[in-house]
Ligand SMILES: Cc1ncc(COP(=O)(O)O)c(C=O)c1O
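Next up: just one chain, as structure tokens, the form predicted on its own.
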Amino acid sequence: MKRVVFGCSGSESIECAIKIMRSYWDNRGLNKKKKIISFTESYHGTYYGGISAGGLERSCHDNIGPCLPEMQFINGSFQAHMCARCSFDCLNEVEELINREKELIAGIIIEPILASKGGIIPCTGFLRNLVRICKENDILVTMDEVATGFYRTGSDFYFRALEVSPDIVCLSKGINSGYLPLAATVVSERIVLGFTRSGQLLQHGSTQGGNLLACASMIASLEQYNQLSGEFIQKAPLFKSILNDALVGLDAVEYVYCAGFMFGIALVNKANDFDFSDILEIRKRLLYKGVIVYYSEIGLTLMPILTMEIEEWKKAVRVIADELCAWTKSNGAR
């Protein structure tokens, strides 16, 4: 990765990436390549570019449309735990789309773990082959690592764990632990050369993007990551083991998704499926007991701070397990 455009939020980073992908091809005289592909269950922020590329909440934005045109959605929720004998049939639809429209497709935005969907982890083989197919067909690859970057998934960036080379990486959140507004859109040498050889500039700017105070907080955070990276890598599987031991097998739990320090708990009630109001009520009860969790349409999402101690994690997990057991006992027969 050769250059960076600083911004103020993950949403802005996605906005910038969309501009870069479309501008890159326009600079080369291929101005028909405007279409952007993303996953049907992805989330890419709250700016118009992000809500246009995010498939998860499309129905929620009908009242503020129209969104950006030339967006195409594909299924990206092929889950790793369901692909033990994967034949990659899931790629057939994508390959057909790309073969049919590659002259019109500028790029793809990949959310490598569907955090807002509940921490669902797409199949590694699916993601690797998806990137390969895009590269072979001159389609730029953007990795949205706003939620997954900076050791959140156990490795520094998830695209390294996937062993792929994106053209663009979108970063925020962990870049400085959220202390000040900061984001980064990082681009490869291919992108840089596409602009320099055409003599064109990227038409994007942010008044406070990359300001000195925000960058100082980033540098301090990066220094801590460098010092503690070994600890993070060793601790991540322990967190996973503790959560699995406590939750797997409970009547209220259908499945637990684990990737480093990102966890999704899919909930189910044996007598009656959980609905969204149940999930919100459980979240409220956990908050009252001192455990902060996020929620999705399928259950709960946990993103503990990376410096949390093992004993603190055990305590939080016990509270979650006790609450889910109590909920099942009081609501399971209704």
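Here the structure is a predicted model, which means the values were calculated and not measured. All residue numbers refer to positions in the sequence shown, first residue = 1.
Although not depicted, the form predicted together with the named molecule is the subject of the following passage.
- In plain terms, the part of the chain that comes close to the named molecule in the predicted bound form, with a heavy atom within 4.5 Å, is 171-179 out of 225-233, 209-217, 171-179, 98-106.
- With the partner omitted here, the residue from A147, C134, A184, V187 that has a non-hydrogen atom within 4.5 angstroms of the named molecule in the predicted bound form is A147.
- Although the partner is absent from this view, S11 contacts the named molecule in the predicted bound form, with a non-hydrogen atom inside 4.5 angstroms.
- For Y43, a non-hydrogen atom is located within 4.5 Å of the named molecule in the predicted bound form, even though that partner is not displayed.
- Contacts with the named molecule in the predicted bound form, taken as any heavy atom within 4.5 Å, map within 109-133 to E111 alone.
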